[in-house]
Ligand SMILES: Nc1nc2c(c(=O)[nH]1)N[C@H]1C(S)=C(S)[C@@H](COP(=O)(O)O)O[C@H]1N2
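First, one chain by itself: the form predicted on its own, in structure tokens.
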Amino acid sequence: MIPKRRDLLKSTLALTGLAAFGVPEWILPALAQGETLVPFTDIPDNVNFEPGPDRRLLDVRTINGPLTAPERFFTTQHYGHPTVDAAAFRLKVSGLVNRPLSLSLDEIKRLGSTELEAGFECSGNRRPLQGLSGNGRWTGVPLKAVLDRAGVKAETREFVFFGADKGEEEVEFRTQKFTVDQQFGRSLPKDIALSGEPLVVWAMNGQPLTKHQGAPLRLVVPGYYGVANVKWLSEIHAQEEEYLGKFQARWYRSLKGETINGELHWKEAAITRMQLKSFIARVSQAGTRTTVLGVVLNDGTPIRSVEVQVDGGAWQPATLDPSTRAKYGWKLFTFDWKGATPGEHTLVSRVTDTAGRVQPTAEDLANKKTFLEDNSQHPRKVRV
């Protein structure tokens, strides 16, 4: 059954709460009576958007505004959802610092408070669901304020962020294998960590973080894929050597072939900044009007244009929602699909940023072997 727009709204962020976040109600798509969704034929009817306790997918067809409600924000992790006692919690800052710290949640909040709208996706997010994505308004303190209080030593080259989640891992070294108890960890280089942009966060959309979102404290690195936004943040360790944990050096890598001087060279790279991407989230009809709604994700570089193609025809300009201007937030776009006829159709979007980068096609990424960072144009199949 195709849900009515009023039913979709009930399952997303309530309108009554948006004003508190500075989001005017008029930016949301109009809730026309009788408006219905055009079905996507590339999404099976039996998709389970909550396939397990450690995984939740966003049904992109339910997007009705820029912020994703906490109970619908995607979640995926490797060691489950640890329960952390907020009253007993302490964030440790260790390693190459002048003053090792052990800070309570209240002490962290007293370092200051700022808000940032940022959207991100899991680096494994891809067609046809595109459900490992979300956009929130985060409240926290700049990571730099925490590190400044500790006093970073000059020889520090990077910071490792450990979560409270951990598990047993088998580490291979040549012909040997070792079983160790390992925390989830990711690192950032010194210049990024001290840039003032990453936040140590305790709230999303004006509410304390949920367990699924890393309560009581998480890291948010704007413009980076989800893996960098460490949840249940428990320790920050400053060090000179390169961090080579499983989820830094092995699991989250891309392998891509590049032609240099006429020869194909294979390049491995870490998963860090988000690649430029757009996708069509919903198509709806009200009377004779057919509207396409889509989402742009990027690393903060300004957007030049978004275009939509219908059934392999000419690219046509879409309209960026002027209210979704946050540097690191979702950019929503709409396209007025004129002359939509009954039957099967293919819609695809592409985005271009001011640096001249154009969202690639699947053919452009043919030499990329890993499924991570799939930012290719997504031909969406629909039935009018």
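Keep in mind it's a predicted model, so treat the numbers as computed, not measured. Quick note: we count residues from 1 along the sequence shown, nothing fancier.
Keep in mind that the form predicted in complex with this ligand is missing from the display, and what follows is about it.
Novice: Heavy atom to heavy atom, is V201 within 4.5 Å of this ligand in the predicted complex?
Specialist: No.
Novice: Quick check on F73: any heavy atom within 4.5 Å of this ligand in the predicted complex?
Specialist: The answer is yes: F73 has a heavy atom within 4.5 Å of this ligand.
Novice: Look up in the predicted complex whether R137 has a non-hydrogen atom within 4.5 angstroms of this ligand, and give yes or no.
Specialist: Residue-level check for R137: no, no contact with this ligand.
Novice: Please run the contact check for F279 against this ligand in the predicted complex: heavy atoms, 4.5 angstroms, yes or no?
Specialist: No, F279 sits far enough from this ligand in the predicted complex that none of its heavy atoms falls within 4.5 Å.
Novice: Identify which of V227, A118, V146, V283 has a heavy atom within 4.5 Å of this ligand in the predicted complex; exactly one of them does.
Specialist: Only one option qualifies, and that one is V227.
Novice: Can you pick out, from E169, D165, E197, E235, the residue that has a heavy atom within 4.5 Å of this ligand in the predicted complex?
Specialist: Contact residue from the list: D165.
Novice: Spot the stretch among 91-99, 218-226, 106-114, 255-263 with residues whose non-hydrogen atoms come within 4.5 Å of this ligand in the predicted complex.
Specialist: Of the options, only 218-226 has residues within 4.5 Å of the partner.
Novice: Looking in the predicted complex, is this ligand within 4.5 Å of a heavy atom from each of Q77, C122 and K231?
Specialist: Yes, the whole candidate spot contacts this ligand.
Novice: Along 205-224, which positions have a non-hydrogen atom within 4.5 Å of this ligand in the predicted complex?
Specialist: Contacting residues: H212, Q213, R218.
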